[in-house]
Each structure stands twice: as structure tokens, then as C-alpha cells.
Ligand code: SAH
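Shown here is one chain on its own, the form predicted alone, set out as C-alpha cells.
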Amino acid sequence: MTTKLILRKNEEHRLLSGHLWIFSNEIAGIEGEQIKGDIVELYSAGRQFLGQGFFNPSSLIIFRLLTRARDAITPEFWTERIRSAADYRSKIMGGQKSLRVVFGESDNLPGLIVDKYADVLSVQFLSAGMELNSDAVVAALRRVFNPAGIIARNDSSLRVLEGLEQTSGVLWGDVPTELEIEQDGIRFNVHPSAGQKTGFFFDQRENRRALAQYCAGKTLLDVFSYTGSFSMYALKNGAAKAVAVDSSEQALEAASCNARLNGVADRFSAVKADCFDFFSDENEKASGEKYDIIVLDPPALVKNKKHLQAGFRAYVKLNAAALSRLSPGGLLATSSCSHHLSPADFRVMLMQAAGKARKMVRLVEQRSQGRDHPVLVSMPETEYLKFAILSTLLS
């Protein structure tokens, strides 16, 4: 017998508007077995069939919609969904060989992330349902992409919320310890089994490209640099100097490797430091150096709604400090990947940071995540990255 979830009265409106999640407090009853990750049917309080999806009784998100039809969930189902995601990238991203090819709910594959590094796939199963169907998903990925290897990077903290263990390992084929990818003619060395997320951040690709056009002859400070992607784009587009700041020595070593790989090592330097301490008053007095362009790409400072105010204040402090280190008329390229901080809140944060720094700033560009991370308009949760380029006015 198929398990059925029955919603409370009038709780189906968000789902009918295109959202894909049902929360545990919206369920009136459960009929059948409660198996974590199982595919179950969802019904309104009036017993109207609403769709099939993943069930997780141990998660706040108790149901993730997979299909609004009574489709049989066969190997062909997974292949069709993944091929649809791949076809979208082919149409939108042209002939890119390294990019995000599956972005969870935005591709109708809730809880599945797939990054493609040339002929290697890096996968994250972030929902119990995807975890339970991982063998079928891997088989479908092989059919669609014919990769040399597939690795799981299931070390995300999001798995904890689903009651899943954090693990990593090769799922199929050969995955090298390191490999090289290319973005806009710029070379990057990637370690698929190490580093943050799946090893590289594809979501800032178009923002790096947008900033690079302003970098010729300029000095750039790349804060929370990770492996130096913004620095590489700036230097390859004529920046006079780039300084990368990060707390991870391993990340900075990778950034230095990327600088050598691209023939720009003579204009690149790395500083190991806590990025908040780097902007401290003591460091400011010791250095006093100003930069034409500063990049801020911090990790999510708002992990959940409970920490929104504290995270907001941290963003204000960080951006105000960066504005204070800019040369007259300089540019600040700043971002937030905290999806709990809305685009509107991000603008307010920038306004408060400018006030705190006693700077007048103009908005040059306001951007979001790359097109290979599409936003599902009915799910604000899928729009997580905010990015702005600001210009300070001469005073």
C-alpha cells in the first residue's frame, strides 16, 4: 500500500502556486508505513491528489514534491529529468564543459546537486529521498553524461537536517585527486575530493566576468578568496596586483597554484589571516594600504532565521570595513550566499555599511547567481546569491 500524506485544511495553496515543499506542521495525518526517503502520495484535506514526492518524517521538510502526476518512478523517469537539466544548460550555457548541471528543486530534482568538472561529476544527495534513490540516479547520470567518474561529496551540513550521515567517496569510475578546468579561458586546478562544497564555486562565474572588465591597471584585494577565482579573472584582465586573503592555508596554496597555472604569479600574493581580523583597527593602522577594488565573498553569515540579526550586523561591519580600505573612487564587489538574507535586506545592509563607513556609494551593478544555478520563481529559497558592485564617490 502506498503511503499517503493528508494535509491540514487549506495548506495546499503554496504547493499549488509552484512551491515544492510541505512542512511537518502542515500535515493532518499519515496513512501507511513511515519509511524515510520513500516516495509517497500527497492529498489535500478534501482528498484531492496533489502529487508524489519524497517523505522524511524526521525532517522539518516532511515532503518534497517530485511530480504532480501519478508517474511510475522508473529508471527512465530519472534519466528524463537529468537529461532535461542537461538540455537546459546546453541551451543557456552554450558549450561549457565545467558547470553545475543539476540544481535541486530548480531542476525538479529535489535535494540533488551535480557539478560537472570536464568529464568528472561531483554529486551531493541532500535529501533522504535522493539518498534512497542514489543508485538509480547514478545510473541515469552515467546514461546522460557518460562521465569518466562520479564522486559523492555528501559532507554538507544540510544532510544533518535530513537525518543523514556526512560521507564522501567515489561512486563510479575513476576520479583523479586533482584535475584542471577552464572558465572563460582561465585555468583552475580543482581537487574533487577536497575543499568546500564540491571543490569549486561555479555560481560566481558570471560575476567574476562582470567585475573583470573594471580591473585593468588596478590593485585588487580578494577577501575570503578561497582558491583565488576573482583574483585570477582580475589578473588575466590586466590588474596590476591582486592580494588574496583567506584563513585556509590549503586554499591559498591552491590559489598560488592557479596563479602559476595562468602565468600571473608575479602579480599575485596571498595572506593567511582571519578575514574579519584583517580589517581590524590594529591591522588598518599597521598597513594603511588602500586598494582600487575589494572583493568580499564570505561564507553564509546567516545560517538560519534565528541568526538573521547577528548575521546582518556582521555583514554591515565587514562591508563598512572594506569600504574604508578603498582608494578614492574605488569599487567594492560584495556578495552574500545566505538565502535567509533577502535581496531587499542585502540592499539595506549595503546602505547601512556605507553610512557606517561615512561613504557615499553608487550601485554599478546588482547581480545574482550564475545561469547554471537557475532560480525557480515559485521558490525564493532557490535564489540565494546576492552580488553587487559599488562605486565610491570622490569626496
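Computed from a predicted model, the values in this text were never measured in an experiment. So that there is no doubt, residue numbering starts at 1 and follows the sequence shown.
Not pictured, yet referred to below: the form predicted in complex with ligand SAH.
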| item | value |
| --- | --- |
| Contact of F230 with ligand SAH in the predicted bound form (heavy atom, 4.5 Å) | yes |
| 4.5 Å heavy atom contact, F224 to ligand SAH in the predicted bound form | yes |
| Heavy atom of S248 within 4.5 Å of ligand SAH in the predicted bound form | yes |
| Contact of F276 with ligand SAH in the predicted bound form (heavy atom, 4.5 Å) | yes |
| Partner-proximal stretch of 100 to 108, 169 to 177, 133 to 141, 200 to 208 relative to ligand SAH in the predicted bound form, 4.5 angstroms, heavy atom | 200 to 208 |
| G263, P299, P75, G217 - the one with a heavy atom within 4.5 Å of ligand SAH in the predicted bound form | P299 |
